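Just the one chain here, laid out as structure tokens, in the form predicted on its own.
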């Protein structure tokens, strides 16, 4: 016990719910349970909030990925001194990241500014102005703890480095010089049909047969050319897999779902006065979302303890039912329900066989998603991919970079105006679904090689970066640096030079609802809607009689965080 730090005892020792991990689903459930008057203890072994949904300083990200990429040590032998009342199960971690590749091309410059970064572990992520995430933030009062900024535009990229603007309104369609007159007319007619259908106009209603058909077939039926179809399928409807290959597509989008996504996109544009486009991004990074719900839960009485590892679970020997947890301090804490971060898995101490009530339960727990993995990349540059723009999304549809590309690849560029990096720098988040590590690396490298100059790691590369630093005016460090840092990194190609990159593959895990509940890992979607649905499902499973975030009256909602107060999100212009 001498190696264990002097953790303070927790009082009380019995709760309605214990939540381990402060990722987004866990934080939402903790806040919902606290609002429903449950006593909640929220623990995290890390010294920060967010877990796999966190935003970390540059210096901390590699160690976080490394910690969660190795297999845990074997369960330690158990002595016979344990309680006769409980069976004790080890709570260990499992590897969730693989093929981690960190490259540093300008160590001196980055070391000076490493604490000025807030890098999203699960990027790229953004909010549609009208999606479930924003509605939940508004309805729960979590908007009091966050600020947002609008994403300037969305583009579709190709293998030549071109970025084509995605028109998001009738005015944008007419102004778009990349579209011919016929393409503009086709796109206008299609949007008019969709808007009429959503408005319930009988003369333009889409048939039930068409609504149940593949969306790509409906677009073909409408006579839309390949370029317009690609815009709609991958940059607006945000399809992940190749929709043209209907025979093998894992996630074939139906017309009804495609129309719903178009409606979301349309409803997001212009919803908030200071948001020019359909997408928002939180200032200080995506980790702010988990923290906002943790603050919401704390206002309602949830107790938070960070830096508190949980080493074991206590289950009833006779029934096999969960009873409580054992902390690294040795203290036992009891609760009726338990929610686990996906980091953890439950194992039996070595040399022991499970009691009969647990024999059928343990193999089922901690299943993986059968959709494979998600490849992620984070790149830091000195210049924007587009000299006149700071924050934007780029989508690479399937087969746009190389013939074997079966999934879309998304890239989100974020600048210092969103407090994720020092002035004059840019962070690029890249992601794509993949089957294995090799495929994931190929997808991320395809984007990097198309858009960036990747220098060799030697003294010459540092000299090239320092040259770009001088050209971009980084030493000035003012807010105008973002839009004025147009000096090309390579006179021949005009591509930004890479300063630093992190490439890694993340496991996709499903949330589990059994004798112990577990939340899912970040998925491959751009927004958080599926993760919020998973959190709601888990909450309803453990508390079927309670309302998810019931609205309560308050004379001063800002004091208690209820959602009856502000009905807008805080946006910076």
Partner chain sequence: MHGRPRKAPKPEDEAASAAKAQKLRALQTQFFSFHHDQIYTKEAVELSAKLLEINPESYTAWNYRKLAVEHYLSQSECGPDSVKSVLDDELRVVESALRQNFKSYGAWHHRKWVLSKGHSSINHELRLLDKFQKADSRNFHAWNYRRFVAELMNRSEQDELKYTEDMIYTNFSNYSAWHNRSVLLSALLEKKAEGFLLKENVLPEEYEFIHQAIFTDPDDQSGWFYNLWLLDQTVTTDSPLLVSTWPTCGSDVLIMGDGCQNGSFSPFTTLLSDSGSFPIILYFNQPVEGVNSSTVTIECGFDKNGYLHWEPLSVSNSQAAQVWVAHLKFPTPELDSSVEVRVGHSKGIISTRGFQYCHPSTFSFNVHVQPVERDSFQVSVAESILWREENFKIYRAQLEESIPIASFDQLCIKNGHESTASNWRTEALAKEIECFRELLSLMDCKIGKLTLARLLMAYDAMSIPFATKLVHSEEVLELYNDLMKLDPTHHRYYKDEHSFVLLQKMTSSKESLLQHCFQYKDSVSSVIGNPICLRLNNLSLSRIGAFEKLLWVQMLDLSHNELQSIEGLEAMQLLSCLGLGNNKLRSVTALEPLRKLKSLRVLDISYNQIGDHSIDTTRYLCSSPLSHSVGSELNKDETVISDASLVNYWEAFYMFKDLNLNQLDIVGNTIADEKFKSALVKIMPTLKRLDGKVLD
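Positions refer to the first chain, counted from 1. The shown structure was predicted, so the numbers you read here are calculated from the model rather than taken from an experiment.
The same protein also exists as the form predicted in complex with the partner chain; that form is not shown, yet it is the one meant from here on.
Contact check for residue 174: a heavy atom falls within 4.5 Å of the partner chain in the predicted bound form. Heavy atoms of residue 189 reach within 4.5 Å of the partner chain in the predicted bound form, making it an interface residue. In the predicted bound form, at least one heavy atom of residue 182 sits within 4.5 Å of a heavy atom of the partner chain.
Remark: of stretches 189-197, 407-415, 115-123, 88-96, the one touching the partner chain in the predicted bound form is 189-197 (heavy atom within 4.5 Å).
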